[in-house]
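This document opens with one chain alone, in structure tokens, the form predicted alone.
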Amino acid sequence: MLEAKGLMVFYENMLALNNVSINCEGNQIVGVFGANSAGKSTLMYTLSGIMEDIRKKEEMAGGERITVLGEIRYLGQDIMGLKPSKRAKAGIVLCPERRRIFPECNVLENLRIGAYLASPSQAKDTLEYVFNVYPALEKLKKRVGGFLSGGEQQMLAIGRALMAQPKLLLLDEPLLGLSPLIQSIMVRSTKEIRDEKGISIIVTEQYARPVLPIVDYAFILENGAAVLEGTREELLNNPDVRSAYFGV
């Protein structure tokens, strides 16, 4: 479905991604694990095309010079030069780190904003599905987003991404700041989304242990480089990986 080769991102003289290659097949959940500043969000911005927008805005403002190199192919097509809006229309949808919902809008309004790429029938069906996956949101659909808990905001952020009809869903640290109970709900719902809707998912996390049970394949980033990859079984059988990333 998606294959990225030799991705390199420079912020002025700082190397944020260093020759990273990653792939995600259809109906697969792929994990990307690494410490803070390992390059996880930069990778997600690059795959979704948002990095290209950031680069152009910095260039127009005379700010930080950003260079993006490498190759990204999606469904067999080269999308490296494709705008983020075009990538979203093709099915690559990012749910960003720290949720970034519209805090002044209520739950229902946030979800409808996410449906800008959907037909009326798709929006109706997906809204029903979001409320089925996250029943708490249906009870809170008139509540303003800024008054939701962190877990509820994360459910809303993923629900809004689903409304955009993704074929490939990019989840950037969806468990950040959540309690273990809410983390388990989010992990379970992520697997349900893949199983029930056939949506491929790339998920980044600093700590791999909560996500490990649902991941088919994983990559580990350190200082912007992919230092290890393998199935969940292969990574769990590596004692150094178990200690550093899985907490076991």
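Numbering starts at 1 and follows the sequence shown. For clarity, every value in this text was computed on a predicted model and none was experimentally measured.
Keep in mind the form predicted in complex with a small molecule is missing from the figure; the text below concerns it.
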{"property": "Interface stretch in the predicted bound form with the small molecule - options 195 to 203, 210 to 218, 29 to 37, 181 to 189, non-hydrogen atom within 4.5 Å", "result": "29 to 37"}
{"property": "4.5 Å heavy atom contact, residue 64 to the small molecule in the predicted bound form", "result": "yes"}
{"property": "Close approach of residue 42 to the small molecule in the predicted bound form, 4.5 Å, heavy atom", "result": "yes"}
{"property": "Proximity of residue 97 to the small molecule in the predicted bound form, heavy atoms at 4.5 Å", "result": "yes"}
{"property": "The small molecule contact in the predicted bound form: residue 173, any heavy atom under 4.5 Å", "result": "yes"}
{"property": "The unique member of 20, 24, 235, 16 whose heavy atoms fall within 4.5 Å of the small molecule in the predicted bound form", "result": "16"}
